[in-house]
Every structure is written in structure tokens, then in C-alpha cells.
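The data below hold one chain only, encoded as C-alpha cells and taken in the form predicted on its own.
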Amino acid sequence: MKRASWFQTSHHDHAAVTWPPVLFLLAILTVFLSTVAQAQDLAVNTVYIASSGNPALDQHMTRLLEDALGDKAAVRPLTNGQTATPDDAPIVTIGPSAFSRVRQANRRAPLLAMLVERSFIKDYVARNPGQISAVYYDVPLELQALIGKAVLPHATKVAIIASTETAGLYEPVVDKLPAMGLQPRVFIVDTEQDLIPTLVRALSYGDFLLAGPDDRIYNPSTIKHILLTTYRRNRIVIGPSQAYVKAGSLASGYAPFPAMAKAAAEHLHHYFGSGELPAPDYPDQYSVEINSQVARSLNIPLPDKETLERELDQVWSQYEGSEK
């Protein structure tokens, strides 16, 4: 008796092959799984990262964005000089320099700007809605004002100094502060020589100084004089950022990097679903940086950081709810 063979070849046609049932099913399964894998690869969207030039920051933000996107998108760096992406994939820019570099080289690319302030990006967004968006790096001034109120519960007046060019930055918050029990007043600095005299007048009015992301007023060449003048008059500065708290501001809100990455992922998911980027927005989570040494020097009792953040989160949630 002849042994059964898995295949039989005709004497006249060596190409004629008869597949046993098991191998036939395995072949079909292999093709099916390959097709599914290819479909999944095609279903994964791609996001490109334009670097800030700081390798540690770029790597950290890339990891956070990858975690926030999960398996819904692949994150890849732009290579040196690259500004165009296959199929117009969105580009996430880290910092204002990266945004400006990519924007000037490619006017068509969908751009999501990270680590940029609202004042920097707002005009780009206004001219290119749906194509350009951002996760704001700065903190809403209303939140900074609430931090000041939490630190000084009996505060009723807020002093603000601004240049002629940047006074408009504070208009929205000026209209909202009275509802928080705070009466704001903006003092205009016309020249560099007017800074300290104007600041002295402002401090005689306000219980604290609310500092916004205004580089004309708050910059490395002025901050020492502002903080010393404020300290000598037994007043405090709230804001504008973590860096200024280390320099001598009493406190400032800030968005943790994971919260910014989460907001960026939500913007990108919206883009993948609709083909357009949503309007820029702030992250939905904040922390507070406190300079305990300044508080002790001014005899200001402060709750611990966790308690302050809990209280602030509750008040901020109520405020946001009332604004909707």
C-alpha cells in the first residue's frame, strides 16, 4: 500500500497541487490575519513633533503625549529641516520657536502649539481656525486672582500694572473679578522710568499685585525691582508663573505637563475625527507653586500645598460652572 501524501503531482503537470484541509485553512487564516494587521496599521493616525531644541524637554513631552494618545496614534519626530508631513498629518510644536519655524516653512500644515502663551498664538488662531490650535501654557488670570484670594481671604482690591500696549490683556479678567469679591484697578506704565512710581501707586491701592504674562512689565531686567518694591511695602505678587515664584512672587498657578499632554491628545482626537483642530484652550487641571519663605517673611499663614490645591480646585470648578 502506498503511503498517503500531503500533495500529489501529476506526471504531466508539475504545478497541479492538492492542499490537505488543514493547510488550506492555515493559509486562509494567515491571509486574514495579515489583512487585519494591515488595516490596523492604516487605522493608526500619525502625529509629528517639532522639537523645542531642549532634548530633555522634548523627550519628556513626547512620552507624555504618547501615553495620553494610547494606541490611537503614533508619535514621530520631525527630522532636521522637515516641515511637511505625509497626508498632512498634524504637527505638535513644543514652544514658540518651534511653532514659528514650522509655520513660516509650511503654511498648510495643521499645527497644535504647546508651551505657548495665549497672547502669542491668538492672532494665528483667529486667522486660521481649524488649522491652528493650542494648549495654553499660561494660567487664566481669574485662577491667579482666586489664588490671591485664597492666600489673603480678606483681600478686596487687586492692583494690576500694564503697559499701554498690554493693557488689553487684562480687560477680560477686570470684568470678572467683581463677581469674585475683588475690585481691580489697572495702572498704566507709560515709560520704563515710570515703572516703580506707578508700582508704588498700585501697591497703595491693592491688597496684592496680580501679574499676568506681560513681558514688557515682568522680565529679567525688571522683576528684582518689582519684587523688592512690593516686599518693602508689605504686599505680595501673585503670578505670573512658576519661575517668578522661585524669584520671589508668593504664589502662582501652573498646569502640570501631564495635564497639558492630556489636553493636547483630546485636541488631536478631535482632529482625527473631524479633520479640524478645535479652538485653543487651557488644560483642565492646575497646581499651585508657593514661596513659603516669602510667606514667612511677611507673616502670612498658608495652608499646605495639598490643602490649598484642594480648596482652589473646588472654587475653580464652581467658577467654571457658573461661566458656562
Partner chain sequence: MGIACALGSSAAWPQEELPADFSEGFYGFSDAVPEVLTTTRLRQPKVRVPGTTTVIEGDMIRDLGIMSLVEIFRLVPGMVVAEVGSSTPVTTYHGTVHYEQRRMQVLVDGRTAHRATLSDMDWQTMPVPLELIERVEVARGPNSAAYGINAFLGTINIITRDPADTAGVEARVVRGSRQYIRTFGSVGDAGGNYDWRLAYEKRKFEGFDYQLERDPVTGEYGPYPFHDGHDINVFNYDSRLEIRPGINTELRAGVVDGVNEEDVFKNGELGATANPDIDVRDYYLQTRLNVSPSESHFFHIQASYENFDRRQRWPILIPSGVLTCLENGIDVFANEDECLRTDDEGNPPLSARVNADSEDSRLELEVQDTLIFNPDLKLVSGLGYRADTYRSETYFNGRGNNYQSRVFANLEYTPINWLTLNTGGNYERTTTTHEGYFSPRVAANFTLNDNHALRLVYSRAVRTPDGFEQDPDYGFTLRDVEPEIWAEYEGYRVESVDIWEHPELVTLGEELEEERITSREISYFGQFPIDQGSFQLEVRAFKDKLRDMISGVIQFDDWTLDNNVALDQKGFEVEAALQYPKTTLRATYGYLDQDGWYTGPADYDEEEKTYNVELLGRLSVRHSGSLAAIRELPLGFTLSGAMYWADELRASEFQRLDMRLAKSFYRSDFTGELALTMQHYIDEEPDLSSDNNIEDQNQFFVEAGIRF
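Computed from a prediction, not measured in an experiment: that's the story for all the values here. Numbering follows the first chain given and starts at 1.
This protein has a second form, the form predicted in complex with its partner chain, left out of what is shown; the following refers to that one.
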| request: Considering only heavy atoms, tell me if Ser241 and its partner chain come within 4.5 Å of each other in the predicted complex. | output: yes
- Using 4.5 Å between non-hydrogen atoms, is Arg127 touching its partner chain in the predicted complex? no
query = Quick one: does Arg296 come within 4.5 Å of its partner chain in the predicted complex, counting heavy atoms only?
reply = yes
Note to self: Check Leu227 for me: does it contact its partner chain in the predicted complex (non-hydrogen atoms, 4.5 angstroms)?
What the structure shows: yes
Partner-free chain; cross-checking its partner chain in the predicted complex, the single residue of Val288, Ala265, Ala50, Val47 with a heavy atom within 4.5 Å is Val288
Heavy atom within 4.5 Å of its partner chain in the predicted complex, from candidates Asn80, Ser204, Gln104, Thr191, belongs to Ser204
Exactly one listed stretch (182 to 190, 169 to 177, 104 to 112, 90 to 98) reaches within 4.5 angstroms of its partner chain in the predicted complex by non-hydrogen atoms, and it is 182 to 190
Taking its partner chain in the predicted complex and a 4.5 Å non-hydrogen atom cutoff, the residues of 215 to 251 making contact are Pro220, Ile223, Lys224, His225, Leu227, Leu228, Thr229, Tyr231, Arg232, Arg233, Asn234, Arg235, Ser241, Gln242, Ala243, Tyr244, Lys246, Ala247, Gly248
